[in-house]
Structure formats: C-alpha cells, structure tokens
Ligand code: COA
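There is one chain below, alone, in structure tokens, taken in the form predicted on its own.
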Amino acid sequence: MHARRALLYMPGDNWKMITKSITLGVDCVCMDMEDGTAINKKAEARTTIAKALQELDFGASEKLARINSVGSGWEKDDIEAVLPHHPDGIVIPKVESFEQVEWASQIIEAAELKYGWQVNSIRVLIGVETAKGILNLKEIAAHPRLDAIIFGGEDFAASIGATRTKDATELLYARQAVVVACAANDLQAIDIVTIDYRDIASLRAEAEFGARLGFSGKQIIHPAQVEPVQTAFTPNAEAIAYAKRIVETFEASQKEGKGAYSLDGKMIDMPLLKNAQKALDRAKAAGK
C-alpha cells in the first residue's frame, strides 16, 4: 500500500498541470475527470489522462484517475478510457453503497484478467461525501478491493445543510466516522481539502489536527500545499525516537514478566505500544 500523505488533484484535461505534478515529489497524483473538469471537457480529460499514463514517468508518485460518480452517465466511458493504461488506482467519488464499489471492481478485474495483470494490482479509493455515504460506511468499507476512503468535506456540508467554518467542527462526526471505518478495515483515511491554498498557516493547523484524529493523509489542490501536508503526516525525529524507546522498553519489560510499566513518568501498556508501532510504520512508509 502506498504512503498517501498528500493526494494532489490535477484537472484531467490539463496536460501542463499533469506534467508539472510529477516534478513535485507528491505521494499521489490524482488526474480528475470529475469536479476538476468542465462538462464540455470530459472527453478531452479521458484522452489526456490515457496519454499521461502511457507517456509520463510518475517516479515514486502513485498515479490515480478519478472517474465521475456511479450513476452520472459518464462513469463507464471514464473507467474504460483509462484502465487499459494501468493506473495504480481508480478513485470513485460520492460513493453511497457497497454496490457502487463492486461495479468498478468487476470492470477492473475483467481488465486485469484480459491484460494478464495481477488480480488486485489496481486498487480502488473512494470519496465519501454525503450523509448516506457516512451512514453506509460499515458496509462500504468492507469491500476487498478498497485501499482508502477520502472524505469530501465541502460536499458533505452541502449534503447535510451545514455551514462550513474554518475550525470545521460541523465535520467532526463524519471525519471521525471515516477514520473509524478505515481503522476497522485496515484502510487509509484521507482528510479534507483546505480550499484557501494561500493560507499555509491554516493548512498546517488543519493537517496536524487531521493527523491527530487518525487520518493518514490529506487531499491537496496546489503545489504549495505539498510540503506542509507531508510534514504534518510524517512523524518527526523526536516522535520516532520516542516510539522506538517504547517498543524497546516494552520488549524488555515483557521479558521481566511485567505488564504495564513507567517510562518518563507515564504508564506504558499495550495501546501505547500499538500507537508507537503505527508511528514507526508511518515513518518507514515516508522513507524515514
């Protein structure tokens, strides 16, 4: 599974932006046929993304294609245009049911078999951004081809009639619901977009809060957002050193037949060990 700290959206019809995106060292480049593309540019986006998948070297960046929502009327043409060129994953927006994920999964599996690719080599990431999507998370998150759930804050607020605020308290329940569903199914949880891409201080604060909630990464829409988001979702040297100490001292205390023990005046037991191991896993995935 890729480390997805920063997931950058690029309009699928904009070749210049897509070629720029592969120079940014971003974790994921998501070429978009949905909201980032005008209605009269959908066909051009399909062609441009297919060309990018064939011709560009994305390096270590995961290459994703976001189709239009299931039921939009565009989704079949979208997925069939990009699949033959083997993206790393397909992003399905506005998912509200298990069946919508299964629809895409069957088409992807048929392509994998047809082209002799390893089954499950193309993963699915989904956007959950409506009241119905949040309520159905338990069933949706259990789909075996899923890798990540992306929470769409703006769409969700519109779906429930909430007013978006800077501190995003109106989204807290839904954000935590996504984190819980992902944790229960070993998926990555990708947090909301910070719309004002010039306000880097707000972006850092929002990204750090998302990381504390348990998200593994964040959606971004501008190159200036790459570094702050990657930093927020990567344990720093101090956190890594402390996590290593917990793992090492926990092993030593187990050998001595102790359960919980004290480290720097704090009680350490199994939940803290699990958190420490997760921090080390995140650091390793980020190349630290």
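Nothing here was measured: the structure is a model prediction, and the numbers come from that model. Just count from 1 along the sequence shown to find any residue number.
One more form of this protein, predicted together with the named molecule, exists but is not displayed; see below.
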Pick the stretch from 218-226, 241-249, 42-50, 57-65 whose residues have a heavy atom within 4.5 Å of the named molecule in the predicted bound form. 218-226
The named molecule in the predicted bound form has a heavy atom of only one listed residue within 4.5 Å, and of 117, 197, 103, 209 that residue is 197
Partner contact for residue 20 in the predicted bound form: the named molecule, 4.5 angstroms, heavy atom: yes
If you check in the predicted bound form, is residue 182 within 4.5 Å of the named molecule, heavy atoms only? no
Taking the shortest heavy atom distance, is residue 8 within 4.5 Å of the named molecule in the predicted bound form? yes
My question is simply whether residue 27 lines the interface with the named molecule in the predicted bound form - judged by any non-hydrogen atom within 4.5 Å. no
